[in-house]
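A single chain comes next, written as structure tokens; it is the form predicted alone.
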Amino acid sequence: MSLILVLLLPLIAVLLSLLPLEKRFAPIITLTTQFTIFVLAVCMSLQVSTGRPVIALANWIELDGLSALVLLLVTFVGLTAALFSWGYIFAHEKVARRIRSYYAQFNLFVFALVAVPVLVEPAFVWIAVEFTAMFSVLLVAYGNTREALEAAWKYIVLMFIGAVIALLGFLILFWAQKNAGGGLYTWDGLRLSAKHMSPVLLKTAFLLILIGFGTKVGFVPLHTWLPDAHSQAPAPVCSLLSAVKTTVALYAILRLLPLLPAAPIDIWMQTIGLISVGVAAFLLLQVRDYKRLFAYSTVEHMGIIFVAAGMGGKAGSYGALMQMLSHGLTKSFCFLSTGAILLVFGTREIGKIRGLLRASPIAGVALLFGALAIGGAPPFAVFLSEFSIFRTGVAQHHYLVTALLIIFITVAFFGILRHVNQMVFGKVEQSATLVHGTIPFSCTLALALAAIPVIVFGVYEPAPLHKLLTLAVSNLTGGVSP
């Protein structure tokens, strides 16, 4: 029942948000919904971590370790984004109709995001992933400027092309399973049938799905929509786009790994991942828009996750999942901090912002915190996950891959800190004119809430989370869900 509620509550919130009532009604409904589904996700994840399955509709709507981990991330980021939206949208928008429209689209987007991990039939997962693009395109264009509309068109065209390619891959996958004797067309059903399926068809399906969903993940050279969309969408939407929309598409790709032989898939994954990390690292050095700065950082981190998953084994999978979780939590915080800066200065240009720490201590501390955390500085969560990946690479004798990964991550770290240092500590007289004197309380509260797991998971891994990660690793390495 809880899984069904996780799907239904955002849809109910969509309808309620459209009611022509007082302007604060839609944000209250949205925040209440996001809090409720997050609590439900926590309760179900605790159940899964003890080895008890969560099944709403057998072979249709279920939760295992990997999907529970992704659902937790989606619902937490949705909660902080909804809380930040309250003050952020009211600061930018006074027309009640547009406020209602924003929250209706926000809840539709969240519905699609939570649907991806809870569905176990690959064809429906493909539909849910495409819904994440359809329901977010209007949010990308929400600013209704020429740049926002151009970014939205570019976004939806690339998403459509990717959808067609991925659909072909899933059709081939279905064909391969039927030729092998059938079985349930679910993630577990495919795992059980994999050894009887044609290797050629499996690899072809994986390649097509990798290209199709790779557009949504943001792998280089399929990443071009990502900096444009993130620079134009409202900051809370960027939080969802970067932290979880890319993640749920990557989740669907990772679900296919137990079906495939290790070689040469692991080499493909490491190569694709390293290209994404390397290109993004050097692009970070020349950006002029701080939202694009974190957008390119997303491309970098998606590549890191793919490299780790390509290392194979339990250690590689554990590092990949830790990185996926820590990146999602940290990048969500980073984009919320960009929203705070935009509220204060009203510009996205790095060169026009100096003395941020003095102009707005909250925004300055948040930006510096986010930059250090996403760059991989200790004692934050990303540092722990990246260190785990480096250790795995050395232990498995991937010396060249590990060395390149360390070099690219170091370049990215200094690229991010170079820009952020100028913004936070530069001379005040070079700064842009302040737009707002204070940051709304809901935005400050959202930043504080989003920062908690970034700090905690960098120094301590709760036992239930470790158990959940271990179960998720078994889903990636061929174990059948409980």
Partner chain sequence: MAYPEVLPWLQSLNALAGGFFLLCAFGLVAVRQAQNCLRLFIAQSLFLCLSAFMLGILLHSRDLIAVGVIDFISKPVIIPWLLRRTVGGEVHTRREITQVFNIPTSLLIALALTIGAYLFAMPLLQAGNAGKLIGSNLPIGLAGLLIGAFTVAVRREAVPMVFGLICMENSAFFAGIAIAPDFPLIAEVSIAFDVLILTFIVGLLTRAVHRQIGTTAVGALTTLREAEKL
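Note that the coordinates shown come from a computational prediction; the quantities given were computed from them, not determined experimentally. Numbering follows the first chain given and starts at 1.
This protein has a second form, the form predicted together with the partner chain, left out of what is shown; the following refers to that one.
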Exactly one stretch in 370-378, 395-403, 336-344, 194-202 has heavy atoms within 4.5 Å of the partner chain in the predicted complex; which is it? 194-202
Listed residue (Ile161, Leu357, Leu184, Leu260) with a non-hydrogen atom within 4.5 angstroms of the partner chain in the predicted complex: Ile161
Could you check which residue among Thr215, Ser388, Thr75, Ser231 gets a heavy atom within 4.5 Å of the partner chain in the predicted complex? Ser231
Answer yes or no: in the predicted complex, does the partner chain come within 4.5 Å of a heavy atom in every one of Glu130, Trp153 and Gln286? yes
Give a yes/no on whether Glu147 approaches the partner chain to within 4.5 Å in the predicted complex, heavy atoms considered. yes
Is Tyr88 close enough to touch the partner chain in the predicted complex, meaning at least one heavy atom pair within 4.5 Å? no
Ile267: touches the partner chain in the predicted complex, heavy atom cutoff 4.5 angstroms: no
Consider Trp175 of the chain shown here, and say whether it contacts the partner chain in the predicted complex, taking contact as heavy atoms within 4.5 Å. yes
Could you list the residues in 112-147 that come within 4.5 Å of the partner chain in the predicted complex, counting only heavy atoms and keeping sequence order? Glu121, Ala123, Phe124, Trp126, Ile127, Glu130, Phe131, Met134, Phe135, Val137, Leu138, Ala141, Asn144, Thr145, Arg146, Glu147
